[in-house]
Structures are given as structure tokens and as C-alpha cells.
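The chain below stands alone and is given as C-alpha cells, in the form predicted on its own.
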């Protein structure tokens, strides 16, 4: 039983590690806009509906439903939020034992001479 549990937990762990967990900057902006739009629309609908039937509870329920919908749409890193990945600069290997000075440091040394 333990062997089966270890094998299944290893598969489950690798399955969870394969799920992407990142969002790019444009995806974050889109998720924020969607989240705010859904909350605003649900709050407006909830307020109007609650005003018409004179029940504040329905306003709260509609806003909470909008919150849940917006969380489902924006919290997971759906593929639509990962369409503009950042291209990182390649790593520059240090070839010499002497530390490389920053341009600002070399300017400071020249001014003091």
C-alpha cells in the first residue's frame, strides 16, 4: 500500500509541477481589468435589483456571485494571460578573475584624480 501511495504521490507531484504558475505583465493588467469590470457590473446589477425588490440581501448575493466569477476567471494563470512572455538577457560568463567595474564606478574614480 505504501509503495502505491509513493508512486501515486510522485505522479501527482510531477503533475502539479507541470502546471504553469506565471503571468506576464500584460496578462496581469488584463486580469485586473477583467476583475474590476466584473465587480463593477455585478455591483451595479445587484444595487439596481436590490433597489427594485427592496431587499439588500440580494444585492450582497449578486456582488458575491460576481466576486466568485471574477476570481475563477482571473486568479488561475489561464493561457490568455501568458501570451507576452519576457525575453531575459543571456547570462554573461565572467572570463577574468578581476571584477568588472560598473560604468558609474569608473567615472567616480576619474573625477577624483
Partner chain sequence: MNTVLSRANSLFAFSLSVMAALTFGCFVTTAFKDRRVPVDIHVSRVMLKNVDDFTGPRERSDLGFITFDLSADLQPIFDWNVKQLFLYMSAEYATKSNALNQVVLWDKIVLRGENTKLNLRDTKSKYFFFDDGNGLRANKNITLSLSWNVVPNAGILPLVAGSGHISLPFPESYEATRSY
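Bear in mind the structure is a predicted one, so any value in this text is a computation, not a measurement. Numbering follows the first chain given and starts at 1.
Here the subject shifts to the form predicted together with its partner chain, a form of this protein not shown in this document.
- Among heavy atoms of residue 65, none comes within 4.5 Å of its partner chain in the predicted bound form.
- Of the heavy atoms in residue 71, some are within 4.5 Å of its partner chain in the predicted bound form.
- Looking at residue 75, you'd find a heavy atom of it within 4.5 angstroms of its partner chain in the predicted bound form.
- When contacts are judged by a 4.5 Å heavy atom cut-off, residue 83 does not count as touching its partner chain in the predicted bound form.
- Using a 4.5 Å cut-off on any heavy atom, the residues of 28 to 60 that reach its partner chain in the predicted bound form are, in sequence order, 28, 32, 35, 36, 39, 40, 43, 47, 50, 51, 54, 55, 56, 59, 60.
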